[in-house]
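Starting off, we have a lone chain in the form predicted on its own, written out as structure tokens.
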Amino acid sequence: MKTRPAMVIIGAGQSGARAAQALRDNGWDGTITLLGNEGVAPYDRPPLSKAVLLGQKTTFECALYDEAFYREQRIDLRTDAAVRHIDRANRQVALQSGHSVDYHRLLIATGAAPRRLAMPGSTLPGVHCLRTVTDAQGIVGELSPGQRITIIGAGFIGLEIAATAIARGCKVVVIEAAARALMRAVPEIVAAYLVERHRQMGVEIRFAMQVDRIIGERRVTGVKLSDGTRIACDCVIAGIGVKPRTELAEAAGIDVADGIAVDDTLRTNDPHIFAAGDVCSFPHRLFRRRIRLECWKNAEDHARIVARNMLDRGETYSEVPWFWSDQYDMTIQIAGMPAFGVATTVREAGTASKIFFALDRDGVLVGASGVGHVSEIARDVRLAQALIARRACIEPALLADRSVKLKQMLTAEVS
């Protein structure tokens, strides 16, 4: 069975669903086919590690749109449509069901898959990772008062789950193979600030340590570390990163470089195929290198641009990255790419808040990490985002001086 040529989107996640909406908003009146394989309609992922695990929100409430939206917007949403391969020569997407869908333009928004533990015991009941609503539903039942939770990985997902588990009354140990937390995300001084807060809340964190095996017979009962130490636990949650889902693209001969390689319009080496969100890497003019981002805001921004470019608008993507994380009573907001900095300057932003500015070798502001109360950091992080967009070169002493307003610096840059 074939359908008439359409805008076809593989991946019914944040970027795919928003791109479908944006195609309608930008005037596409033809067929839109949105292919997913999770068995559920597109949903928002950030609440999974926070509100859902805390019991404040159901997975149903995470849906991006209700059923009426897809009907009214004439979006053909298929939630059990696994893709077998992409036929570039005939511009068709072949489904596992044996059906095929013809495309006018194709968007690959397949996102990323969690890296799985590869060690003895990793398939025992009680061992989890968090990426999907099904994962969240499996974990939420583990987080009851007194439960001993071992988290493998001190990235943002691991630390968010640790904070949530503490709030649910659990005892938490975090094991990280690297020498510090958030190695690829923020400068060391920012990571140390967050780790100290976790330790104050009762989380035990061990760095430079690997898990050799997960112990248990019918269910996990503990982990054995590389130094021989054994930690008893009732549940193991892995947060060891993700990898972009590039298999379909690679099999179709589409270029891949730390994700599907796209240009600054999000087009692949095939002029009829685009990619967006976590799955793709793209050249960024501000940072003068190819990057790949794994965050909600990037998925949203990509969706808007890629929809217009599927309609031949030819717009380039150069948004300043922005990311947030909620842990305990803290909010972390990050603008730019702090990990690209070589020097960090700290500004006190309030009674218990700080902004960490990251500068590159030329003194150009490349990142800002605000940690503390939203009311004390949000405005400065937004202003820093605008300064990063202008590749502002600012004296560290001015950044550190709370009496010198960032808005003044921005005004000076604009003028």
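Numbers follow the displayed sequence, beginning with 1. Every value quoted in this text rests on a predicted model; they were computed, and no experiment measured them.
Omitted from view is the form predicted in complex with a small molecule, to which the following refers.
Enquirer: Decide yes or no: are 35, 82 and 157 jointly within 4.5 Å of the small molecule in the predicted complex, with each residue judged by its heavy atoms?
Expert: Yes, all three are in contact.
Enquirer: In terms of non-hydrogen atoms within 4.5 angstroms, which of the given stretches 178-186, 192-200, 245-253, 219-227 touches the small molecule in the predicted complex?
Expert: After filtering at 4.5 Å, what remains is 245-253.
Enquirer: Sort through 309, 281, 150, 325 and report the residue having a heavy atom within 4.5 Å of the small molecule in the predicted complex.
Expert: Result of the distance check: 325.
Enquirer: Can you tell me if residue 166 lies within 4.5 angstroms of the small molecule in the predicted complex, counting non-hydrogen atoms only?
Expert: No, residue 166 sits far enough from the small molecule in the predicted complex that none of its heavy atoms falls within 4.5 Å.
Enquirer: Can you tell me if residue 112 lies within 4.5 angstroms of the small molecule in the predicted complex, counting non-hydrogen atoms only?
Expert: Within the cut-off, so yes.
Enquirer: How about residue 294: is it within 4.5 Å of the small molecule in the predicted complex, going by heavy atoms?
Expert: Residue 294: yes, in contact with the small molecule in the predicted complex.
Enquirer: Does at least one non-hydrogen atom of residue 320 fall within 4.5 angstroms of the small molecule in the predicted complex?
Expert: Close contact is absent here: in the predicted complex, residue 320 is far from the small molecule, nothing within 4.5 Å, heavy atoms only.
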